[in-house]
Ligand SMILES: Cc1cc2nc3c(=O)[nH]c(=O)nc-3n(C[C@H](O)[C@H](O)[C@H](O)COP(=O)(O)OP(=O)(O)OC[C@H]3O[C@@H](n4cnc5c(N)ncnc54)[C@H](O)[C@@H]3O)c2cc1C
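Take a look at this single chain, the form predicted on its own, given in structure tokens.
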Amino acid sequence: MLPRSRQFDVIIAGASFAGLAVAQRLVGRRVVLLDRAPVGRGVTSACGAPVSIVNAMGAEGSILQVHDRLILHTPAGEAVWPLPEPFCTFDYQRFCELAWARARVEFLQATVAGRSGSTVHTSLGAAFSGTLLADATGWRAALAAAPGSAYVNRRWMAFGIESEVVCPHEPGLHFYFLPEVRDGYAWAFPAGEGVRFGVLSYLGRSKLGPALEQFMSRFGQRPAAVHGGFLASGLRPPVVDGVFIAGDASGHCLPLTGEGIRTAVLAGFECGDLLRQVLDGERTRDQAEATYQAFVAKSRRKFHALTWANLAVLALPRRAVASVATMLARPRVLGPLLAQYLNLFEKSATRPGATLPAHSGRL
């Protein structure tokens, strides 16, 4: 059913992590959230994130299992990295439903078919106008990259697939640097009664089915239903033609680790705060754009450092990767390293009362 009005304060394209985070900062405004799938459908993520991020989205009811360490496996052995704050694996559909309930915005199942200025054309044949526009459609950047846009959709594109099966597994978030995926890694994330097994190619190879089967066979398992997709790393301009961009649409997925939920949510919160300030007359659109650009730019060096680390992992023999992982596991090295990693997308001073998960040696 189409909304009665075709005019909105904000149109958000994409109803996953970044889009829902933007929407939560705009409660009480006339907002429509567009997505080609119903809320909570079409999972592509491994759904692992800091507990603080899940709580900040009001989705703690989606948590399946909490983890306090990373375990890096190589042919030469394993290195255990204690986490300075707990991560969790969670149920994607439940997460999205809880986050949307907190946002209290209108939802319309439709695909972005194009854009003319502030007017968004949809697959329903209906067009909607927004005072402000936000793109959170993932690597496709469907709204920002509409025909005629200045958006350049060139980023580092990794690709991963995953299958969840019911079986026992040691707690923790497990990463495997094994021959099955020479240009990436594999993972096993326990999630309650199930385990999420996946493989990722840093170089964007998409035919990973045989690698996933070989990896899972190490545990006496075979893939069930498989999901996955591209992961877009490499920061792009966060505002293009007046469209605010968050999450994978702007390359916010982290190189090396492939983590994207935390950065998508933090960017979404910042974006939503700024959009609200524009609507409230606290900032001009130009000021909001400049503040959002500065927010992303503060983490640019850390993104670049992760990119170089990603290139090193691609170039190094697996035994060398094992040696580096063991060396970094030393507390005096690992503590500051993870503190810097978890400090990506620090909160800028946008408005008194705006809140994000606090960071004090943690996220």
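These numbers come from a predicted model, not from an experiment. One-based numbering along the sequence shown.
This protein has a second form, the form predicted in complex with the named molecule, left out of what is shown; the following refers to that one.
Chemist: For the named molecule, considered in the predicted complex: do all three of L34, C253 and I261 come within 4.5 Å of it, counting heavy atoms only?
Modeler: Spot residues vs the named molecule: full contact, yes.
Chemist: With the cut-off set at 4.5 Å between non-hydrogen atoms, does A46 touch the named molecule in the predicted complex?
Modeler: The answer is yes: A46 has a heavy atom within 4.5 Å of the named molecule.
Chemist: With a cut-off of 4.5 Å between heavy atoms, is T119 one of the residues that contacts the named molecule in the predicted complex?
Modeler: So T119 does not count as contacting the named molecule.
Chemist: Looking at the partner-bound form in the predicted complex, is G138 within 4.5 Å of the named molecule by any heavy atom?
Modeler: The answer is yes: G138 has a heavy atom within 4.5 Å of the named molecule.
Chemist: Is it the case that G184, even though its partner is missing from this view, gets within 4.5 Å of the named molecule in the predicted complex, heavy atoms only?
Modeler: Outside the cut-off, so no.
Chemist: Tell me the stretch among 125 to 133, 71 to 79, 98 to 106, 226 to 234 that has any heavy atom within 4.5 angstroms of the named molecule in the predicted complex.
Modeler: Within 4.5 Å of the partner lies stretch 226 to 234.
Chemist: I need to confirm a contact call. Of T111, Q214, T291, Q93, which residue comes within 4.5 Å of the named molecule in the predicted complex, counting heavy atoms only?
Modeler: After the contact test, the surviving option is T111.
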